[in-house]
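A lone chain, given as structure tokens: the form predicted on its own.
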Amino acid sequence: MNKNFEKLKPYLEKAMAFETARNLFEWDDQTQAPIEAADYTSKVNGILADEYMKSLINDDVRSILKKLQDDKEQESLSDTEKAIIKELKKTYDQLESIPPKEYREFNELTLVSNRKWAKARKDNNYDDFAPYLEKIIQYKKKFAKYRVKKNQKPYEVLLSDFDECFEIQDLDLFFHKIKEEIIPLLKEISKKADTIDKSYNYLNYDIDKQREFCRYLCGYIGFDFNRGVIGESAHPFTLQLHNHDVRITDRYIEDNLESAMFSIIHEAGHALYEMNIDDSLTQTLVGGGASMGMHESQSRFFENIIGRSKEFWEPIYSKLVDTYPDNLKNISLDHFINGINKAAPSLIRTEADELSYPIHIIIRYEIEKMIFDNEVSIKELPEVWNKKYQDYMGITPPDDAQGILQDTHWSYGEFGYFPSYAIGSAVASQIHAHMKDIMPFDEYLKGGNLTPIREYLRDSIHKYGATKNTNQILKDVTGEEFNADYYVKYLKDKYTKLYNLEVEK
């Protein structure tokens, strides 16, 4: 091992330990901590964040990092070590630009603001959350300003934190294509909404039975319960300490069968990615997913491309019927498949069908751009949100709980994250098209054999962690970089067939 890299390792390991501790506090805060804990636990989070920053931003690390960027030094580094140095330089530049006092204050604020968001959503009271959101946005604007380069917009800085391959111009083109191709299709399908019945979905489904069936689904997909656990939270999420400790959560709604099932499949997709990262990478700076776009591609791949297919449910639908015989005994597999794929304009992103889902993301993306271009005030956000839902979906949220307050992301300052969901959906379609060319994909699902699919994803994507970016992985796997045409084709083919629409000539 390179001598300078060896000198760097203790600092990286210390930073990793502080980051792991912070993740543990986040897990506990969202799953088990008492409601009044946040104001006090936030101080602990702030101290840990401060120590994490100090472990990396110091004269020793600065000196070693500078040496390791020398061309001669680079020649003696392994590919993994080069990837770690690249990631460290990115992290170092980001952290060094932020005054330590502000970094600590921000990390204290996010833990409190998330609790305030959860209560505000429950109480349907945006005004209670607005002051905390305003503080979060002020910090994010300052942090982006510290890092912004010449001719770069502040929002672009935040986008790069989640996927370095997509700038504003890339996303504008991508979302323009979605608007042009998908919104008209959604409007056409909305006229035929009554042709698919899914009233069965809104009957009462015992919560304990939902937990039991979702655990079964998780294991069926490949989640390793020796290296992972399932908890419950207001908003489902995945968190990893390392590849042998991956934690996911779910949320159960008594009168919505689909909600918990597809949330758990989604989070299990994230978890499989983390569990399959190579042991040599875990607990390093490249020991997570390549990007949030690539991460979301794996969760959306399992949730939608696999989880909403008839082939996936053929071997296991009878088990679902046996779990809820009174509700589902007269619901055939075809009826069920049509139901879980029914498309219609909707208010809640996490409950949205595949076709309308990217429209939810476009709305958030456009609002985030407005926020960081100083085009909208905190007070105006609910009105802007509601207007965009009316313009794009033809529906208006009846209250803020179903509108501006529905997502947890902004309470943590995760501006720039939302586009990753749409990028992920498109990447999943591109990977799916390739996999169907090289393996009997549907036959594996019909036979209840997900192992070859999981192994291919592990060997082609997961094991590399963050040593490659989104476009590098796509080029290696499919032979081309990001191409949204696969996503558009996937959606148009699927929903044209589902609703018996006339095929364009």
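All residue numbers refer to positions in the sequence shown, first residue = 1. Since this is a predicted model, take the numbers as computed values, not measurements.
There is also a form predicted together with another copy of the chain; it is not shown, and the following applies to it.
Using a 4.5 angstroms heavy atom cutoff to another copy of the chain in the predicted complex, none of 199, 363 and 394 count as contacting. Partner contact region in the predicted complex: 23-31, out of 467-475, 23-31, 66-74, 453-461, criterion any non-hydrogen atom within 4.5 Å of another copy of the chain. Out of the listed residues 140, 342, 295, 242, 242 is the one that sits within 4.5 Å of another copy of the chain in the predicted complex by at least one heavy atom. Taking a 4.5 Å heavy atom cutoff to another copy of the chain in the predicted complex, the contact residue among 481, 493, 485, 13 is 13. Residue contact with another copy of the chain in the predicted complex: residue 53 places no heavy atom within 4.5 Å of it. Taking non-hydrogen atoms only, residue 151 never approaches another copy of the chain to within 4.5 angstroms in the predicted complex. Not displayed here, another copy of the chain is kept clear of residue 276 by more than 4.5 Å at the level of heavy atoms in the predicted complex. In the predicted complex, another copy of the chain lies within 4.5 Å of some heavy atom of residue 36. Residues of 34-50 lying near another copy of the chain in the predicted complex, listed in sequence order, are 34, 35, 36, 37, 40, 41, 43, 44, 47, 48, the criterion being any heavy atom within 4.5 Å.
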